[in-house]
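Taking the form predicted on its own, here's one chain by itself in structure tokens.
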Amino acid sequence: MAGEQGEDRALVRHMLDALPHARALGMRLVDVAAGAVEIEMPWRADLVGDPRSGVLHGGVVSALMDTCCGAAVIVHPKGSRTTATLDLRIDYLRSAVPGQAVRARAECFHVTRSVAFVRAVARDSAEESGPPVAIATGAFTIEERP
């Protein structure tokens, strides 16, 4: 099992290195489990949507959640090594606190032959009890493994 998690961790790191937007946004892998991934994105001034408030742009939070959900699909035991977003609904609950990193945790909770269903939560605190910044649900493609 530890070997599988090591392989999954390497797979997600490779994914983050290969995706130009993930590199540009500074996404960093925090944790991997079977069908679940946690990724952090640092706060940076160039990612702010409103310079007066210092609040991150919603688009960068969206990119973080989409990437985290896709990563959860590729590490699910029934998932595939490639995936694409079919549908992603994000509800923004509040602004992220300026100056704090945003961390998303996604879980792939149901997989069919061709679709994986995922949910995610983004927080600006490392604590799971912290209030969410946004929540997401989505559907992603699955290709059968050979």
Partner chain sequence: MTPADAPAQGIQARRDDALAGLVAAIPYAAWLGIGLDRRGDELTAIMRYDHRLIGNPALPALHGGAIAAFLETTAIIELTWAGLWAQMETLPASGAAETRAEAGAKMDEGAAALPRLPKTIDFSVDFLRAGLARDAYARASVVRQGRRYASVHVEAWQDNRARPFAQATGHFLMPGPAR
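Everything quoted here is computed from the prediction, not taken from an experiment. Numbering follows the first chain given and starts at 1.
If you look for the form predicted in complex with the partner chain, you will not find it shown, but the lines that follow are about it.
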Exercise. Which residue among 111, 29, 48, 36 has a heavy atom within 4.5 angstroms of the partner chain in the model of the complex?
Worked result: 48
For this session: May I ask you to choose, among 63, 97, 115, 121, the residue with a heavy atom within 4.5 Å of the partner chain in the model of the complex?
Result: 63
Exercise. Does at least one non-hydrogen atom of residue 59 fall within 4.5 angstroms of the partner chain in the model of the complex?
Worked result: yes
For this session: Answer yes if any heavy atom of residue 89 is within 4.5 Å of a heavy atom of the partner chain in the model of the complex; otherwise answer no.
Result: yes
Exercise. Applying a 4.5 Å heavy atom distance criterion, does residue 81 contact the partner chain in the model of the complex?
Worked result: no
Exercise. For residue 12, is any heavy atom within 4.5 Å of the partner chain in the model of the complex, or not?
Worked result: no
Problem set entry | Partner contacts for 4-37, taking the partner chain in the model of the complex and a 4.5 Å heavy atom cut-off | 18, 19, 20, 21, 24, 25
